[in-house]
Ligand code: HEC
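The chain below stands alone, shown as structure tokens; this is the form predicted on its own.
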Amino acid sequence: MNPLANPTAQAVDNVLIYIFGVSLLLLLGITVATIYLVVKYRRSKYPEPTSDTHGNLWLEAVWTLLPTLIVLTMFWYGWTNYLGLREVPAGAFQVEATGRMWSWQFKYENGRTSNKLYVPVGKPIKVIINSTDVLHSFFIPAFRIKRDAVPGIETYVWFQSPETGSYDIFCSEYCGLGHADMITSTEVLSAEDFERWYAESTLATPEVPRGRKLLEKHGCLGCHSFDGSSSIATTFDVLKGTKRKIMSDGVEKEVEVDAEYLRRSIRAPGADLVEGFPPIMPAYGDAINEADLDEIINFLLNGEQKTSLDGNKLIEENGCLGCHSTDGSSSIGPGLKGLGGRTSEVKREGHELKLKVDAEYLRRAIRDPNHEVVEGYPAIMPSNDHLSDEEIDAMVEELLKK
């Protein structure tokens, strides 16, 4: 990266070059003068002192004022450039960085989170820094920015990248066992790539179920709704286990909506008429084969498929991989490989127990991690009160697959 186009790097580099340059000149001057005096006034030539001078006001003034002026210029140059590092340009893109043992999590204004810092190229970025546990330090060497992450205190840095690329992020303050592994990166993307990434979600959008497609194909959604709203036919909002009042062969009955009822209603809709709706549904007879009919019935009984949370992304973005490995290798916390069905030896309130790793155990471990501590590992995992029940369920489901 060209530091001349990198404003924060340029500010730091200019001060460093000035201080280093002045120090080098002083070193060379003092060294040359020392060598000259040692050679000129060596003992073999002047065995005894010959000068009776007791002071030189001009010389004393020079070596007092000159270093004072040099130090003051260093201070002034450093201070003005420091102010530039603290004055965030107008219109800066804002990201919140949270340090925790031992990972960074980044939260964006649209609610998206990630374990890497994704930013657009050429735009000023303001990073608001905080910590959930101990003292950390947010450090991006490529942009010459470093700031402590202090629990209970909000700090910030800003930078602007002139080029796309990947740049390391470190924690530069010792923060415990996993300090050396608290590494991530700044991913600088083009404006188009960043907009595409920023618009994505941790929600995984599944394909439209085949049962839904078949309902659309056969025109069922022209009369039936999915949102419970009133229409010319019954709603598909909730079907499984509900009761329906029907007229069957002139007799009023109450039946439970199950697979057999739905099969009969599709094949011969005039046989059982739902109270309050006209008998206008056409009979499909053999127009729908058995395989397609099973797909439709299965879809109707299981309800409308909802968008699911991506458990893998949640595990990654919440910093779990900072302490837990996925390949079975030893780490700060128990490995995630083969987690489902494993038996763990834990300590709970001073008592040693053996517990099977199942969904309920994992939910407890995420919500209140230090209530049951796995034998051989420190009680250092932070709680995850910020996660919703749905997010935890998605993470648990994914963990049991590993």
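Between two forms, the rigid core is the largest collection of C-alphas that superpose within 1.5 Å. For clarity, every value in this text was computed on a predicted model and none was experimentally measured. Start at 1 with the first residue shown and count on from there.
There is another form of the same protein, the form predicted in complex with the named molecule; it is not shown, and what comes next is about it.
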- Using a 4.5 Å heavy atom cut-off, are A97, L117 and F159 all in contact with the named molecule in the predicted complex? no
- Item | Residue among T184, S265, S131, S137 with a heavy atom within 4.5 Å of the named molecule in the predicted complex | S265
- Message: Considering non-hydrogen atoms and a 4.5 Å limit, which listed residue (L189, C220, V88, L177) is close to the named molecule in the predicted complex?
- Response: C220
- Query: Just to confirm, I70 within 4.5 Å of the named molecule in the predicted complex by heavy atoms?
  - Reply: no
- Query: Even though the named molecule is not shown here, does D294 get within 4.5 Å of it in the predicted complex, heavy atoms only?
  - Reply: no
- Taking heavy atoms and a 4.5 Å cut-off, does I232 contact the named molecule in the predicted complex? yes
- Give a yes or no for P369: in the predicted complex, does one of its heavy atoms lie within 4.5 Å of a heavy atom belonging to the named molecule? yes
- If contact means any heavy atom within 4.5 Å, which of 49-57, 369-377, 34-42, 62-70 contacts the named molecule in the predicted complex? 369-377
- Note on the structure: Residues in 88-126 that come within 4.5 Å of the named molecule in the predicted complex by at least one heavy atom, in order, are R100, M101, W102, S103
- Query: Quick one: core overlaid, is K217 moving 2 Å or more at the Cα between the shown form and the other one?
  - Reply: yes
- Item | After fitting the core, G29 CA displacement of 2 Å or more between the shown form and the other one | no
- Taking the rigid core as reference, does A268 move its C-alpha 2 Å or further between the shown form and the other one? yes
